[in-house]
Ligand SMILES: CC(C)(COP(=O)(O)OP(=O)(O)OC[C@H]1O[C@@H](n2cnc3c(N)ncnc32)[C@H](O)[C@@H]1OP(=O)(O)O)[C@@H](O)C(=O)NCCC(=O)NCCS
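Have a look below at one chain only, the form predicted on its own, in structure tokens format.
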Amino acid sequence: MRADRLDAKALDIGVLDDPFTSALRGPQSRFARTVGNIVTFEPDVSVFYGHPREMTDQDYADLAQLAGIGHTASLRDRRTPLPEDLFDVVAEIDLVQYRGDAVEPVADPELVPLGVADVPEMTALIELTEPGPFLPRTIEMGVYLGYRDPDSGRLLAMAGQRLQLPGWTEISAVCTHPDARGRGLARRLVAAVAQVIVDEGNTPFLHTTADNSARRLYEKLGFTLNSEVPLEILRVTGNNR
């Protein structure tokens, strides 16, 4: 079943405008920690924060309280001035979001489900390839698939589900060991995870960075650009409460 055969009227594209809030106040509310209008994941699940685009002084104070002094927090598409007495900007990333409603999902029997027992090996692969954050309980966010070497059993590539929004599921942690690149494993994994998502009745989407060469792969698979916004990583330096 192609994702683009889903009834387009059933797709609420608006939830993609603020995906972290949509997940944390919706299907993944079980992972949420909240202060006022600010919401984030439990610290061993994921690093992302949901917040209003137009942040008030109270919102910034709540963000500082939720993150804690000395810790980091993220702001996606911030549109109000940042209080310099509360935060330092550590990094700014051009966050690119792709919709997968025209992607052709393909089941792949050679890929294996990954579980809690696989997390140490998954974490090692993430640390080697750096596709993005993967924490001890990230695996609880959805289905993960991997490709293991037929001879050694070593995990060579993986991908899985992260954000769960109403009608949409994010594909994340797409990575391949350097020893196995050029074999089309990322393409197979993305298509297979997309199949899981479509089978669940949802539509895939994903995030990457503007300078990531993997964008060419995603576009060849049928993903279409939905947005490009700044994602700021902040360090909390003070708390005005």
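One rule holds for the numbers: they count along the sequence shown, beginning at 1. Everything numeric here is computed off the predicted structure, so don't read it as measured data.
What follows is about the form predicted in complex with this ligand, which we do not show.
Peer 1: Going by a heavy atom distance of 4.5 Å, is Asn212 a contact of this ligand in the predicted complex?
Peer 2: Residue-level check for Asn212: yes, a contact with this ligand.
Peer 1: Contact with this ligand in the predicted complex for Arg53, defined as at least one heavy atom pair within 4.5 Å: yes or no?
Peer 2: Arg53: no, not in contact with this ligand in the predicted complex.
Peer 1: Considering non-hydrogen atoms and a 4.5 Å limit, does this ligand approach Asp151 in the predicted complex?
Peer 2: No, Asp151 stays farther than 4.5 Å from this ligand in the predicted complex.
Peer 1: Would you check, heavy atoms only and a 4.5 Å threshold, whether Thr123 touches this ligand in the predicted complex?
Peer 2: Contact check for Thr123: no, nothing within 4.5 Å of this ligand in the predicted complex.
Peer 1: Would you kindly say which of Ala64, Ile197, Ile38, Cys175 lies with a heavy atom within 4.5 Å of this ligand in the predicted complex?
Peer 2: The option sitting close enough to the partner is Cys175.
Peer 1: Taking this ligand in the predicted complex as the reference, which of Gly146, Pro131, Pro105, Gly167 has a non-hydrogen atom within 4.5 Å?
Peer 2: Looking at the other structure, the residue within range turns out to be Pro131.
Peer 1: Only one of these stretches, 64-72, 201-209, 45-53, 29-37, has heavy atoms within 4.5 Å of this ligand in the predicted complex; which one is it?
Peer 2: Result of the contact check: 201-209.
Peer 1: Since the partner is left out here, which residues of 185-202 would have a heavy atom within 4.5 Å of this ligand in the predicted complex?
Peer 2: The stretch touches the partner through Leu185, Ala186, Arg187.
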